[in-house]
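As a starting point, one isolated chain is supplied in structure tokens, in the form predicted on its own.
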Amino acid sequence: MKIISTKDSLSYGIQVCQRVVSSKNPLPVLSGILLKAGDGTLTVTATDLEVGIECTLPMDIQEKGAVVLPARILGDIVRKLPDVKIVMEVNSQNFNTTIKYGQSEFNLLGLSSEDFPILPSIDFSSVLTIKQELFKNMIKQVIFAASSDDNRPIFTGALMEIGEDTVKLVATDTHRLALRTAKMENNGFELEKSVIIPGKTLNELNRIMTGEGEDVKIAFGENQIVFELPGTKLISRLIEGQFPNYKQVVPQGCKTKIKLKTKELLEATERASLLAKEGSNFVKITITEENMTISSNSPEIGKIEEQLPIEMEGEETQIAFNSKYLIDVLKVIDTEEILVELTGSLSPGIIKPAEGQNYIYVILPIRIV
């Protein structure tokens, strides 16, 4: 195998793929990246057997072939190379690889590609097509609410529901829930489907997507999902199991409805959280007819109290929330104003954009002693 490449082209393919490589995998071949030179293209592939990424790059191929090279060191080498023509040549007998640049060269010990796992092939005859910008926004507004506790795998992913004319993403860690809905028309997908996508997969996809250009194409296997972008495929296992009935969690109706500026609430909560972190990590919210008061205190440091102007309907009330859970959602809501709907100090609250019906965030309160 022999290829000639620019630094940027080779570096892009390696960087896209190498983050899914696990340094803890006992199989040496899985700590590497597969480079396969074909007719005018170099295919770069990496997998940890749960998630796989395949990136196809136009390339000057002098000699076809394939090799597996260590992901971490290869990435570091290419990233630090000067911006000159790069020649990579692989010995077909022992897979030793020479990377030449200018008058210098690196030598790496490679492995045979025969032991590298083949990514599953999935039928693309029925494909869901969605705009990159839209899907990137959906992931951003939902995935932070997923759990990081691997002992409860169902909650580490996001439920994707495909209906007749809608796509929904839902994530929850049982303390909060984020639900994003998108209207779809003529997307070419005729099946209703419900799957649980690992949070790691969606985070990697969000990193790869530019938010511009061509759409994302999504296809499903028996227990796999494929996201196809121009030049890149991401393949992932789905999480097996039953996602909780999220519709039962969303409160119907409220006793108190507040409208206020998103940025003002975010900034006030961030300031209050500075003291909350030193105590029990919650902020207290008091609602009167004209103001929302945000407060927190630390017995060792002091207290903070801020008042924000609001538009209020219904009853005055008081409630406490985990400050991080509040900040997380306020950072991903794009509208200038939000609605906060409450039904008492011990009932879940709802936060959503003041305009539009495509996003709902449910947050459980903290009992104030």
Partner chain sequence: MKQLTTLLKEFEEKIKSLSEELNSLQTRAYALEDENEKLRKEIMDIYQYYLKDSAAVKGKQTGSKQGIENLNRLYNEGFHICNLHFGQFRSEGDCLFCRSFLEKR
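This structure is a prediction, so every number in the text was calculated from the model and none was measured. Positions refer to the first chain, counted from 1.
The next section is about a form of this same protein that is not shown, the form predicted in complex with the partner chain.
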Joint contact, K140, T210 and V332 to the partner chain in the predicted complex, by non-hydrogen atom at 4.5 Å: no
H175 within 4.5 Å of the partner chain in the predicted complex, heavy atoms: yes
Partner contact for N25 in the predicted complex: the partner chain, 4.5 angstroms, heavy atom: no
Close approach of V362 to the partner chain in the predicted complex, 4.5 Å, heavy atom: yes
In the predicted complex, V249 touching the partner chain (heavy atom, 4.5 Å): yes
Interface stretch in the predicted complex with the partner chain - options 193-201, 262-270, 238-246, 89-97, non-hydrogen atom within 4.5 Å: 238-246
Contact residue in the predicted complex, chosen from F227, F155, F282, F135 - any heavy atom within 4.5 Å of the partner chain: F155
Those residues of 336-354 which, in the predicted complex, come within 4.5 Å of the partner chain by heavy atom: L346, S347, P348
